[in-house]
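Considered here are two forms of the same protein chain, supplied as structure tokens in two stand-alone entries, structure 1 and structure 2.
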Structure 1
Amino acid sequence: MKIIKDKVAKLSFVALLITMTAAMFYAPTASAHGEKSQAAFMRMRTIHWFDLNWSKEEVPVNDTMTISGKFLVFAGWPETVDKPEVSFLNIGIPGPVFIRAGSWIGGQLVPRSVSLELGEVYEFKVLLKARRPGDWHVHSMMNVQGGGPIIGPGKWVTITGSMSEFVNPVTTLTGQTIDLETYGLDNVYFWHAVWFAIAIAWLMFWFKRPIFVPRHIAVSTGKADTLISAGDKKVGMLFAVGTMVIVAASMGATNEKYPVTTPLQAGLLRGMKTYQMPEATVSVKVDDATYRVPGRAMQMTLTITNNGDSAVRLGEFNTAGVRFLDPAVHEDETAYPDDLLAEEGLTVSDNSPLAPGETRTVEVTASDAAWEVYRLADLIYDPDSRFAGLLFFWDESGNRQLVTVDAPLIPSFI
């Protein structure tokens, strides 16, 4: 019996080892950016991305594409997230599969951090140059100091070609055109090799002789002074002086070779140009809002007043990059990512044109699997259970206006 038990134990151990070893051979690529894991209230109440456009879905290496659009810095920014006084327009990609050839907010290049104002809309553009072939999920993204990365909608883009063909030519202010991909690499290798060689020479000078046991015996028996000879000291002096001479000479030679150098550039960019949306003539009051867990649907009771001079209809509810559309009013023509688009996800109890001066209370339902897929339903577990989003209204001439909503959300579990 004991023999059988031992055999089972041994085989189990071997099986465990084989399983663990086999697991190492299955390491799938992590292509996404954890956008679904980010707290729902952060995605709903911080940066609202809209009018996004990915200029291409397939790009050869060395070719460029852009992501452009607008973002609203939400006025009801949550207290638990630092305000975007120091922010950086980033791009959510798995490492430098593209290089960021340019990024602009309101037409201003933003290689550095910027200060954003709550309640304002900004227009942005990011120019990307394809570098590494593959299928990549490309997100808009805003990093906020003290708040973390706030990732926007992502779309799959394919880069074709070979990375070995990638070049990154840059012309310096001293008139030299270099390939930044490999610039100075030989110089890096050379100097590191030189210093490694010197260090190894110093080490081998000591390691060529007996090291630990005899030296320890000598030290323990009070003969430590015999271990360093006058010759050793001379060699040591040679290494120390040689080191300082090489450092000084190489620095001097470098200064001659590169007489024009500047410090790294840093600093916050303020006063970013905002984008002026057409002034909203529609006002919206959220009477109540519930999220029906079994139905994956959010229901809002809205009292809408049209203060403008033409009738309007509600066409879109946009929150956390998920767009719920009423196709009778608005259809997407921008090839927005399918998983973030609920083309028939918006239902309004009475979506007939709201006449100028009219006030109407309607039931609005935004329903789609995206609530679950994008874990927006987790909002009910957040510390500040409020939702927020953008409502887009269209008038008869096709003019659009944006209204923000921000209200408590009550979950319904039945």
Structure 2
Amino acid sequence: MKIIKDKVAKLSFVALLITMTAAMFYAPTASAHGEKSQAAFMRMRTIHWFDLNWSKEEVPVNDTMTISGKFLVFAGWPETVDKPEVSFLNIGIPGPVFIRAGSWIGGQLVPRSVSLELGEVYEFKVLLKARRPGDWHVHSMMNVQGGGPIIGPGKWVTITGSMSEFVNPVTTLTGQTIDLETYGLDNVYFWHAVWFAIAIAWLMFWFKRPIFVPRHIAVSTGKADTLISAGDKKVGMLFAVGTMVIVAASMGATNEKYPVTTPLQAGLLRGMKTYQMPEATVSVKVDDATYRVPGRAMQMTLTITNNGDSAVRLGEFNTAGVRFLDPAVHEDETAYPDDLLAEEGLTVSDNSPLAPGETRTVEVTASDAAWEVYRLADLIYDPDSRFAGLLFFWDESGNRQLVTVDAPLIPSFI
């Protein structure tokens, strides 16, 4: 009976070891990712991205591209999400297919976290260097401490060439030029092999003894002291002392080889320069808003007042990166992602020029399949069913102004 138990235990251990080894070398790839997985209220009421531009749609390995634009930190930030007091400008991509060569907010280099103010608009730019060939969905993204990654609109970008040609040279503070893509790689392989060998030796030492079931039986019957001999204790002590010696010796050798080091920079950048949008002369009051489920359309009753000296018209409604346009007022010429652009998705009951000093109540409808495709309609099932977005008005001279809206959203199932 004991022989059978030992064989079962050893086979179980072998199976576990094989599974762990396979897990180390198996890395599944994601075929798609994006903002669809994020709650609608997060995309509507946190960071509003607009005027986005992807400088290239096809990039050779080692070449660069930029993502630039503006984002508004929404003043009606949801209470359930931590404020963006510690934020990091990032890019949402499926792994290291690009490397971030630099990022800027308001013209200032931001290699680390920044503090953002509610209600402010910021201009940004991220420089990317192509690394891995393929078709990749590239998103703007803001990581917020306590709030997670807030993903912006994404666009497909193709990287051509061969990854074997990729290089990432940098010059250190001591004047040495190194390739970060391969620097220290042999050392990484060596130490992984060393510690893996030590781990296997430790496991194999115990593998010759009864495992799992027999040990459980011994412990359950009060014979746990018989499982570990004096020789076992000596071997355990040898492994412990050997590990400390290796760590101490390697640390000393490293400090001697690299006497000049600097810690990772983790400070918070404050006082970021904001982007001054033209002062809005249009005021908007949301009288009511409904989402018509069968028609995949949001309908708003807006009372608009023009306090400026030039007539204006409503041309765009932007929410969660989806843009609804009235083509009679504004047409997109930026090659914005097609699936996020409803070129004829905005209709206004009376969109004739609103004269200076005039107030008008209009019915505005934003309709497109994107409400369902991008799961924005899920908003009506939230405990706090509110929508938010940006309205863009154009005057007779082609000047644009931005007005934010934020109001409850009532679903309609008829």
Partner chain sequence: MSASQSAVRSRAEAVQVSRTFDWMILFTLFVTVLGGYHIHYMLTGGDWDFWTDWKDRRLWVTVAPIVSITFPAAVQACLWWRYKLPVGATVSVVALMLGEWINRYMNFWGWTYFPVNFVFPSNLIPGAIVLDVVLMLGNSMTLTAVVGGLAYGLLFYPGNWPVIAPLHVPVEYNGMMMTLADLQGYHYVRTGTPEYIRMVEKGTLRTFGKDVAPVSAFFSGFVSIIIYFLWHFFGRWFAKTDFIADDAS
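Take the two forms, find the largest set of C-alpha atoms that superpose within 1.5 Å, and that set is the rigid core. These figures come from a predicted structure and were not determined experimentally. Numbering runs along the sequence of structure 1, starting at 1.
*Asks:* Only one of structures 1 and 2 is the form predicted on its own; identify it.
*Replies:* Structure 2, not 1.
*Asks:* With one rigid part turning against another between structures 1 and 2, at which of 202, 181, 281, 328 does the hinge fall?
*Replies:* Selected hinge residue: 181.
*Asks:* Please indicate how large the rotation of the smaller rigid part is between structures 1 and 2, in whole degrees.
*Replies:* Hinge rotation between structures 1 and 2: 20 degrees.
*Asks:* After superposing on the rigid core, how much does the Cα of residue 185 shift between structures 1 and 2, in Å?
*Replies:* Displacement of the alpha carbon, after core fit: 2.4 Å.
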